[in-house]
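Just the one chain here, the form predicted on its own, laid out as structure tokens.
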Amino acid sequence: MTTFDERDTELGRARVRDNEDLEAYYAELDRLDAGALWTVANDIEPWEPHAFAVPVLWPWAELRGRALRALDLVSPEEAGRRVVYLRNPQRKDISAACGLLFSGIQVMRPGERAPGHRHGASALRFIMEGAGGYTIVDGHHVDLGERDFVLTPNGTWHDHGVAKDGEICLWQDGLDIPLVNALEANWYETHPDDYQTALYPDNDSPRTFGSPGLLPASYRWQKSYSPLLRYGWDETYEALQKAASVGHGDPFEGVIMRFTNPHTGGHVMATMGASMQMLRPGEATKAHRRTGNIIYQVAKGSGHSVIAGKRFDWQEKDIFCVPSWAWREHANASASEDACLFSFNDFPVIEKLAFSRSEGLAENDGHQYITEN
């Protein structure tokens, strides 16, 4: 039934008190699979954006061993994808890590290969550990290195594996599965040959599109995602350091770079965006919030974040999330080394639907009061 707070006394908010006649009326509507708007209005039209998810930190020290254990329990052929997924305690019903975003840890041993498939959901990967990993996306073979950011856009055939002379590989999978399911638009298809055959020279995508500011003059690209399928860590970290050296930085984010589609300058995919940010030694950002959900992975260093008044201490490879409209701020724990955070988000959807909204915290010199440790 309708909930009340002190603002609900203002004109235009539901303030109906129940009585016997109304209860009978509601029962009549219920039998028609209908209802009275004023009984739900204050819930479905909140005073400000309301997130169902809560902030969570998933420590790598605990996750890693559980992910590795799956190597001896199921094969890629049996599981389809050998993934330990991350579940927000308030989003269990849709298997989401934050908002309508999915996150999981995939693990593969040398010589293994996951069967080829495609689906309506978009996917990305952030490589955490190992050597010799690769993916094939619509015939484009891409090698995977630690801290690389890799795309497998919706509708593209993709399979992945680890070379026989490689190492056990672990990476974070990020997908928009809950979003696509909410829109009732998801689907899944297995490759008719089980596995793809590479159709192009190895790493042709990063070799063609990976040079900053340069595009092949004769190449035409009409798809909704970036033709650059791998954004290498070395190039990304160098870009952050160069930007920092000339004074670039943001009081709310530190030094941050958004991964872009080289053809458009926009987000890398239609439904998910991604960034890498660097916190300089001892740097602490000010608090701000915005509409949209974010899942972070610590690429380098250690520190802490304060999210909705709760402090989360993080180490390299830890994963944590910031729900929509939650205050967030970050701090680097080291006085001598920088820290880097990879993140992916649902900002492309929020922006296209004109739901973007953000603000900085004005009180307490821009920092939150920590209400929970």
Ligand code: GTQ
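One-based numbering along the sequence shown. All of these numbers come straight from a predicted model, not from anything done at the bench.
What follows is about the form predicted in complex with ligand GTQ, which we do not show.
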Q: Determine which one of 78-86, 142-150, 162-170, 192-200 lies within 4.5 Å of ligand GTQ in the predicted complex, judging by heavy atom distances; exactly one does.
A: 78-86
(Q) Considering non-hydrogen atoms and a 4.5 Å limit, which listed residue (His263, Lys300, Arg258, His119) is close to ligand GTQ in the predicted complex? (A) His119
Q) Heavy atom within 4.5 Å of ligand GTQ in the predicted complex: which of Arg289, Arg230, Arg91, Arg125? A) Arg125
Q. So, in the predicted complex, is Gln106 in contact with ligand GTQ at a 4.5 angstroms heavy atom limit?
A. yes
Q) For His267, is any heavy atom within 4.5 Å of ligand GTQ in the predicted complex, or not? A) no
Q.
Just checking whether Val137 would be counted as a contact of ligand GTQ in the predicted complex - the rule being heavy atoms within 4.5 angstroms.
A. no
Q) in the predicted complex, does Tyr225 have a heavy atom within 4.5 Å of ligand GTQ? A) no
Q. Would ligand GTQ in the predicted complex be within 4.5 angstroms of a non-hydrogen atom of every residue among Phe102, His158 and Ile177?
A. yes
